[in-house]
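Below you will find one chain, with nothing else, as structure tokens; this is the form predicted on its own, and questions on how it binds or moves follow later.
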Amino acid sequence: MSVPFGTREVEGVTLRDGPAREDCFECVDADAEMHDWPEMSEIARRERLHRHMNNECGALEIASQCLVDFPEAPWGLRLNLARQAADEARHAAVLRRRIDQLYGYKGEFPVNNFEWAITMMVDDLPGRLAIENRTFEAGLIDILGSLRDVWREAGDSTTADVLDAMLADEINHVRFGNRWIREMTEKDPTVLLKVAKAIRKLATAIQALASEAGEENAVGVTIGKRMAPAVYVQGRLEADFTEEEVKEVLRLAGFRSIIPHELG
């Protein structure tokens, strides 16, 4: 099975050609080409929401393409993917509306479609769930768990409430990904090989495309060493990660979170 999209080479990594975007959007491949400000100025807020809006569109497109590419998937999984697509469409629309309220507009900043580009290089459903739902969406749980407080502290409770509502949906997306991967593995242990192959592909791509510390981005801001967001422990547990899996994430993050007593 192969999806009907071409490929391109970026820094030695083969990526799937990006999804269709309107002419107003400038699509880039590297973080250094993005507009990214460290503070919460008005333009920085609009850029963050604009980037998030495009990422939600990408998640919608990935879930929808999985429905197209894997018609033989269990009905329950297809229903989960369809509901995810509906959620992501709603998220993108809400973010677009918030951008308008902050006097921004679509295409104001460059966008990056990396999640699509790497997830669509995987030609099996367990691998795609491992990359998109279990990895990218799980990372979004951590990000939203922190960002809602950042926006609220910056005096924007409206955006904070939007992100808080999205968090509940993202937890569910990760939960069904985890549960279906486990169910498929129980029926066919070789599924684990597909998952491992997909995660290796993702790790290779991230390493190859990572920006160098000290490099300047497109707006002249020096790119420092990226810090992972604090692990949102409760959110990951609700998303059906095991306690051992959460502890491993905490170890990799340097325990940048308050660890519940039950995790030890």
Partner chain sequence: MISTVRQRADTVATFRYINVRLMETLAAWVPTTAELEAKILFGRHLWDFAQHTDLFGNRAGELRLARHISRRASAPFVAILDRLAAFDETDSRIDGFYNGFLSILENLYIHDLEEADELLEEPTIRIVKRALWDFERLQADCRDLVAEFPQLSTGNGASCELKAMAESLSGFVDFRSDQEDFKQ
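Residue numbers count along the first chain shown, from 1. If you're wondering where the values come from, they're calculated on a predicted model, not measured in any experiment.
The following text describes the form predicted in complex with the partner chain, which does not appear among the structures shown.
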Query raised in the report: Can you check whether Q65 is within 4.5 Å of the partner chain in the model of the complex, heavy atom basis?
Result: yes
Query raised in the report: Does at least one non-hydrogen atom of Y103 fall within 4.5 angstroms of the partner chain in the model of the complex?
Result: no
Query raised in the report: Just to confirm, R251 within 4.5 Å of the partner chain in the model of the complex by heavy atoms?
Result: no
Query raised in the report: Can you check whether A86 is within 4.5 Å of the partner chain in the model of the complex, heavy atom basis?
Result: yes
Query - Candidate from E47, E61, E238, D31 lying within 4.5 Å of the partner chain in the model of the complex - any heavy atom - result: E61
Query raised in the report: Just one of L192, A154, A165, A82 has a heavy atom within 4.5 Å of the partner chain in the model of the complex. Which one?
Result: A82
Query - Stretch in contact in the model of the complex with the partner chain, which is absent here, among 199 to 207, 36 to 44, 65 to 73, 213 to 221 (heavy atoms within 4.5 Å) - result: 65 to 73
Query raised in the report: Looking at the partner chain in the model of the complex, which residues in 95 to 129 have at least one heavy atom within 4.5 Å of it?
Result: R96, K106, W116
